[in-house]
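Have a look below at one chain only, the form predicted on its own, in structure tokens format.
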Amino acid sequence: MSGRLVIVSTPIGNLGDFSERAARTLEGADIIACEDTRMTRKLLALSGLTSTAKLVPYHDHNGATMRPRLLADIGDGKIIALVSDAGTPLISDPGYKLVASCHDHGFTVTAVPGPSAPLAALTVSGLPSDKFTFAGFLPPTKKACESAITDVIDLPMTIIWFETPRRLLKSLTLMADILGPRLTVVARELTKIHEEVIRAPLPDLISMIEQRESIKGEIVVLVEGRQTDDTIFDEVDVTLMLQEELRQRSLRDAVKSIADRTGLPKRSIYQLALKMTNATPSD
């Protein structure tokens, strides 16, 4: 049989989600390209598989070096299975470069589909699933995170991110500031014993998480897209509201009051208020 690349999905937590076809594919492969060979070796052991495949690492740091070797192996007729530590390869990992290179060389690429954390989270979120965008991990720095959130502010579809427990509250706070009180879901430890889905408008969700001692596990954050009725309040409307509010309240309180009434992001109202009052952000 001619060489080929097979994209193999693995469980995101529950070993019972490891399909028979995926198991047989790994057993029959000549080489298994792994995000982490230790994790894949553990999966094979827990599944009782006796694979003679050679396990090799393939990830961001060695991709450029490993791709030519893997392509040469496929050219020699070998079957290579590509796996990530959990879920479907190519979702937030460098596998697509290997797939693209295979196509460029005329090699066959097939898939053994299966578990995927973004899709699992979407199906249990109760947010619209007819249109969505997966944006990967939120950037770790505040400025980059703000930019990533601002980039999707006008998308009329569910937005999905990965986030770490340590950064979750900071990221949710930025989302509330930029996106307003949108309905948001935090799905964690999907398919595992401590699976949990927390669903609420952003300000309420933040309060719920702040009351916990800690939050752990693999986390997916989903935020509803921009609603069509967001455009009911144009700049003229908000300006008139601000003029009235600023007669009675401080700038900060006026912004909060209008954000609560309209559902518009505080940041956009605040910038308009600054422009109206000729103030600076430090004021």
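Position 1 is the first residue in the sequence shown; the rest follow in order. What you see is a predicted model, and the numbers here were worked out from it, not measured in a lab.
The form predicted in complex with S-adenosylmethionine exists for this protein as well; it is not shown, and the discussion that follows is about that form.
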Taking S-adenosylmethionine in the predicted complex, would Ile91, Phe137 and Arg188 all count as contacting it (heavy atom within 4.5 Å)? yes
Only one of 156-164, 173-181, 203-211, 70-78 has residues with a heavy atom within 4.5 Å of S-adenosylmethionine in the predicted complex, and that stretch is 156-164
Answer for Ala117 alone: is it within 4.5 Å of S-adenosylmethionine in the predicted complex, judged on heavy atom distances? yes
Even though the partner isn't displayed, in the predicted complex is Glu27 close enough to S-adenosylmethionine, meaning a heavy atom within 4.5 Å? no
Contact flag, Val220 vs S-adenosylmethionine in the predicted complex, heavy atom cut 4.5 Å: yes
For Ala86, is any heavy atom within 4.5 Å of S-adenosylmethionine in the predicted complex, or not? yes
Could you work out which of Ala22, Ile12, Ala259, Ala273 is the residue within 4.5 angstroms of S-adenosylmethionine in the predicted complex, going by heavy atoms? Ile12
Contact assignment for S-adenosylmethionine in the predicted complex, among His105, Lys97, Lys142, Lys192, heavy atom within 4.5 Å: Lys192
